[in-house]
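Structure 1 and structure 2 below are two forms of the same protein chain, each written out on its own as structure tokens.
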Structure 1
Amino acid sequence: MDIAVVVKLVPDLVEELAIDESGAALDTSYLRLIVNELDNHAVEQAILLKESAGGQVTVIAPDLEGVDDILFTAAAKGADRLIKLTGAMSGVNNYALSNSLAAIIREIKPHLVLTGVQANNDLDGSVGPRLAALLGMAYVGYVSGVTPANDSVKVRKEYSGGLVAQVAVRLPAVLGIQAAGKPPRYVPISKIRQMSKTARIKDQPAGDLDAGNGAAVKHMFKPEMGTHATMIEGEADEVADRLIAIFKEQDIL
């Protein structure tokens, strides 16, 4: 089963986020980008499927800072082909991204396209369902586990409250991955470094990156701190003392 995996780079939320001068976008000079965690699960799911059913795995990611490492990491895990989407990728919305991706995926003709069900900076929906519409494939998202079955796949689709539907999806299809069947594997840095010497990344121009009719953000701001917590100052020991007092007040202790 040939699989294409679409990977996005997203802001690392552990870092402080700043808004740029326009007031309508994140300040990219401070931004540290990391692989979208759910796309990482999509890569893992692709490798798991390759291990059980064979086939080629192609990983596609936009050319943003850190992308080479992300692609080489995927290769170290078992991806066969690496494609870097080149062009002015910073701040590209999913409308534009999906259009370029669809053109590439049409050429690869995979049986399955996997991508994270969402990314932390999506503001115009996610990539997966758009790709499915553009490619004329079926789409199912919130997937945590995929099993091959002849001309289809069986997927676990998650609903709230822990309810899961077992869903049959006829190929070719796009799946929005919430979690891989197993936690993403760890690869040692040495192996990634080795890949950076042997694996080849193919540059593919993204072409027209027209933002289309995506959401027009006019203004970004940090959420209201009106209901912010009362902060307990001091070292851990002092904080613990205060918490004990609160527990006693609340009849918890």
Structure 2
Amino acid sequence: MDIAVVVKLVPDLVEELAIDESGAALDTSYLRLIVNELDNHAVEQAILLKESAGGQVTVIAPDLEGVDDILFTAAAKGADRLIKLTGAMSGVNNYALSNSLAAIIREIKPHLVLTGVQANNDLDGSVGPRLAALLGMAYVGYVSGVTPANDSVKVRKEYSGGLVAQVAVRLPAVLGIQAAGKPPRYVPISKIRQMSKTARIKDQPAGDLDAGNGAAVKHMFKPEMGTHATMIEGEADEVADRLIAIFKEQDIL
């Protein structure tokens, strides 16, 4: 089974995010990018499928700072081909990214396309559904496990309320991964460095990154801070009486 995995780089939300002078984008001067967590699960799911059913795994990522390390890490896990989408990739939205990815995937002709079901910087929908529409493939999202079955795959799909369904999907198809069948494996830095000397990354021009029909950010701002919590002090009976008074003021009681 040949599998293509689409990987995005997203802002590290652990770091402090700053807005640039335009007021419509993040300041990239000190912005740290990391692999999207759910895309990392998509890579792991692809490797698990390769280990169980054979085949080849191709990982595709846009050319942004740190992408080489991410691709070499995928190779250290077991990916066979690494493709870097080159061009003016900074600030590219999912609409334009999907168009370029679809062109590459048509050349690769994989049986299965995996991507994280969403990313923390998605503004105009996730990449998976639009890729499926462009490629004319079926799409299933919020997948938490994939099992190969001849010319189809059985996917474990989660619904709200703790409901889980098993869905048979005929190949070729696109899946939005929420969680791999197993947690993403740890790769030692020494192995990643070794891969950086032996693995080859193919540069693939992104072509015309037309973002005209995607979402446009007009203004960004930090959420306004609301009122602080009121701490109620005193003995248990005093605190209980105060809580009852507050509930009555709010028409809860």
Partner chain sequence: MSQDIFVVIEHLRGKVADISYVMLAAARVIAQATGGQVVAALLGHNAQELAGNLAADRVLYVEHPALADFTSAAYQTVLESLLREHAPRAALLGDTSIGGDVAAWLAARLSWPLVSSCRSVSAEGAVIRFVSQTCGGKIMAEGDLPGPCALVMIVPGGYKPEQGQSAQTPQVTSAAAPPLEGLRVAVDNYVEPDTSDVDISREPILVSVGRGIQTLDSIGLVEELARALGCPVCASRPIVDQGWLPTTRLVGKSGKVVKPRLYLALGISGAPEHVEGMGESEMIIAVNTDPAAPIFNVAKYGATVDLFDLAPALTEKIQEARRQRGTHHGAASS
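FYI, numbering is relative to structure 1, first residue = 1. This structure is a prediction, so every number in the text was calculated from the model and none was measured. If you superpose the two forms and keep the largest set of C-alpha atoms that fall within 1.5 Å, you have the rigid core.
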query: Pair member that is the form predicted alone; finding: 2
query: Rigid core superposition, Gly23 Cα moves 2 angstroms or more between structures 1 and 2; finding: no
query: Large Cα shift (2 Å or above) at Asp241 between structures 1 and 2, core-fitted; finding: yes
query: Ile232 C-alpha shift between structures 1 and 2 of 2 Å or more, rigid core reference; finding: yes
